[in-house]
Ligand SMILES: CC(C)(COP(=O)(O)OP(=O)(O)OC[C@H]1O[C@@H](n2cnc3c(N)ncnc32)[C@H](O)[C@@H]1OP(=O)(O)O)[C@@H](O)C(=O)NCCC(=O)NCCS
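This document opens with one chain alone, in structure tokens, the form predicted alone.
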Amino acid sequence: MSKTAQPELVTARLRLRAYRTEDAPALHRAFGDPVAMRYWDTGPSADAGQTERRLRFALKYSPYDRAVWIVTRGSDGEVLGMINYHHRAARARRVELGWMLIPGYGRHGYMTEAARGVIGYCVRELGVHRFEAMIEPGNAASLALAERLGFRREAEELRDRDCVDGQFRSVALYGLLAPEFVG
């Protein structure tokens, strides 16, 4: 199995690309922020160095399992956040999606646009049929994004699915099928 380069995705306003070490300070504005991280599957980073170590480990491209794109504004390259697919089940043609915006970049449609780009790529290039998102009930922004993208709530509560800093968290399962996706 040969390692392939992570594809770059371009939308009307955005460029989605592979992680670079110099992205860590911008992404630390999210990873170091307890409010931004309150619905993530790990607690906030203590410092920029911890963010960089986490990113270096977590963002390695593995097309058969996961891919993480750094979301940048096409006009100036500003880092806005990140989006990924993970837990890919290639035979089942299923992936799980996750996303995060850096505080201050919400309400501009950036993540909706980025997610449409990633979903379209996964359908066209990877043959993905089913997309899943695990979202905590209190995460209003992610719930609204999932609904804008056409996801449907399929399970009310998966009790204590995640454990973050010793605290169990429940999530709801949202699903989107490729034929339902309007890119």
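So that there is no doubt, residue numbering starts at 1 and follows the sequence shown. For clarity, every value in this text was computed on a predicted model and none was experimentally measured.
There is also a form predicted together with the named molecule; it is not shown, and the following applies to it.
- For a residue to qualify, one of its non-hydrogen atoms must sit within 4.5 Å of the named molecule in the model of the complex; none of Thr4, Gln6 and Tyr64 qualifies.
- Of the stretches 45-53, 138-146, 153-161, 123-131, only 138-146 has residues with a heavy atom within 4.5 Å of the named molecule in the model of the complex.
- When the named molecule is considered in the model of the complex, only one residue from His108, His86, Arg94, Arg73 comes within 4.5 Å through any heavy atom, namely His108.
- At the 4.5 Å threshold, heavy atoms of Arg13 reach the named molecule in the model of the complex.
- In the model of the complex, the named molecule sits beyond 4.5 Å of every heavy atom of Val68.
- Contact check for Ala26: every heavy atom lies farther than 4.5 Å from the named molecule in the model of the complex.
- The shortest heavy atom separation between Val79 and the named molecule in the model of the complex exceeds 4.5 Å.
- Contact residues in stretch 68-100 (any heavy atom within 4.5 Å of the named molecule, taken in the model of the complex) are Trp99, Met100.
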